[in-house]
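First comes one chain, alone, set out as structure tokens in the form predicted alone.
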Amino acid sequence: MSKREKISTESYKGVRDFYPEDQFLQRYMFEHMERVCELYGYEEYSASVLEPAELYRSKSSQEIVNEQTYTFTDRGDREVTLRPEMTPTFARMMAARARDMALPARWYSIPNLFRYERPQKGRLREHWQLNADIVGASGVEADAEIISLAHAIMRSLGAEERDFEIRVSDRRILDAVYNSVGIAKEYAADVTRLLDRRAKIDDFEAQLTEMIAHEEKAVKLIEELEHITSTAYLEELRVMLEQLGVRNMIVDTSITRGFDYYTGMIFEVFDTSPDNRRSLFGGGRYDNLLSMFGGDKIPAVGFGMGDVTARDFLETHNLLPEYAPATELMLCIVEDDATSHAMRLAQDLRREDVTVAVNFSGKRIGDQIRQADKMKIPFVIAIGAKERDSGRYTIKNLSTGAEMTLPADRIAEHLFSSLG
């Protein structure tokens, strides 16, 4: 590389760099997700981002496998994929220990996922996604719990019920309509994926007709779906959710979800704001997925909640938290020969759980304080010969200007009381 050539500072297209302010928000969302999942009794798990490509050929939609995966051959001539979704990994792990697993099992994870698709609002090539699943419970109670969990996470992030709605349907409705209309099984998966994109397709009926090669069946399919407003199961689910405090569920039989593995209840959470009226995330029941690994059929239901659409939602509804750095105190050095004393004081304070940074810039004290203020660090102490010799330190609150002079063993107590 010649001296004139420079490596670009731009990140790879469709992924993000997380500067401290971005990481603060990411951590804020994850902490709310983690806390609510654990309140519901869900245990955290994780896995490698690398999976055998074969896992997705049989467990995911062909659109994801053929068009959206990052797949390569490793040095051992094995075909490997960067995971585009977590549910197949979860199913693989569950199936591996199915005989030893105490059921029902409740697990959650927040993995990063990769899909090669056109970056746009709400969709990137890499994102993080909460996955929460309950395995080993087949009844409406588990379906209600998983929707209630999604609802509780939204509420924990500050959303009011009027800010979002939970649209629920049932894949068994589609199966019944396909059977009634006479849609052959080999077309069912493709028709379901087309229905999932229906709102984004201008010539939906024409594409449906071409797909099944039968105009009369296409018209009848659309008519039957539009006539079904609910089912006894969905009404039972609604009553149970209301008992759990979830009152923004609506039945929407146009919800289909694009993945092939869903077998029963499906749902999507929609933003109701006109500025961001879109699906945020969703999930559903997939009772057959684990049996694809050769074991017994085990009922399962879950959902995935992506960080990109979650962030867009928070921004739309003015729910973004104000950035607050982890550092609570900066020690500003007045004179060079006070540096070692400042470093020892910092170590003493860290042992008392104070997060503290020492300013090594060598700048004037006023500039150091302005730097702390710019970094949003709430407290500073200026340390020079006077403080070193007296053992007393003046703590300044940068937001109020208030000052307090204390001995070293009182600093932590003062900070904790001030920070609440």
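When you see a residue number, it is the position in the sequence shown, counting from 1. Predicted, not measured: the structure shown is a model, and the values here were computed from it.
One more form of this protein exists, namely the form predicted together with histidyl-adenosine monophosphate; it is left out here, but the text below deals with it.
> Give me the residue from Gly264, Pro299, Pro111, Gly282 that has a heavy atom within 4.5 Å of histidyl-adenosine monophosphate in the predicted complex.
Result of the distance check: Gly282.
> Go through Asn248, Thr192, Thr81, Thr87 and name the one with a heavy atom inside 4.5 Å of histidyl-adenosine monophosphate in the predicted complex.
Among Asn248, Thr192, Thr81, Thr87, a heavy atom within 4.5 Å of histidyl-adenosine monophosphate in the predicted complex occurs only for Thr87.
> Among the candidate stretches 160-168, 215-223, 228-236, 300-308, which one is within 4.5 Å of histidyl-adenosine monophosphate in the predicted complex when only heavy atoms are counted?
Within 4.5 Å of the partner lies stretch 300-308.
> At the 4.5 Å heavy atom threshold, is Asp143 in contact with histidyl-adenosine monophosphate in the predicted complex?
So Asp143 does not count as contacting histidyl-adenosine monophosphate.
> Would you classify Arg123 as touching histidyl-adenosine monophosphate in the predicted complex, given a 4.5 Å non-hydrogen atom cut-off?
It does: once histidyl-adenosine monophosphate is placed as it appears in the predicted complex, Arg123 has a heavy atom within 4.5 Å of it.
> Give a yes/no on whether Ser148 approaches histidyl-adenosine monophosphate to within 4.5 Å in the predicted complex, heavy atoms considered.
No, Ser148 sits far enough from histidyl-adenosine monophosphate in the predicted complex that none of its heavy atoms falls within 4.5 Å.
> Does any heavy atom of Arg106 come within 4.5 Å of a heavy atom of histidyl-adenosine monophosphate in the predicted complex?
Although histidyl-adenosine monophosphate is absent here, Arg106 would stay clear of it in the predicted complex, with no heavy atoms inside 4.5 Å.
> If you apply a 4.5 angstroms heavy atom cut-off, which residues in 112-130 are near histidyl-adenosine monophosphate in the predicted complex?
Residues within 4.5 Å: Arg115, Glu117, Gly122, Arg123, Leu124, His127, Gln129.
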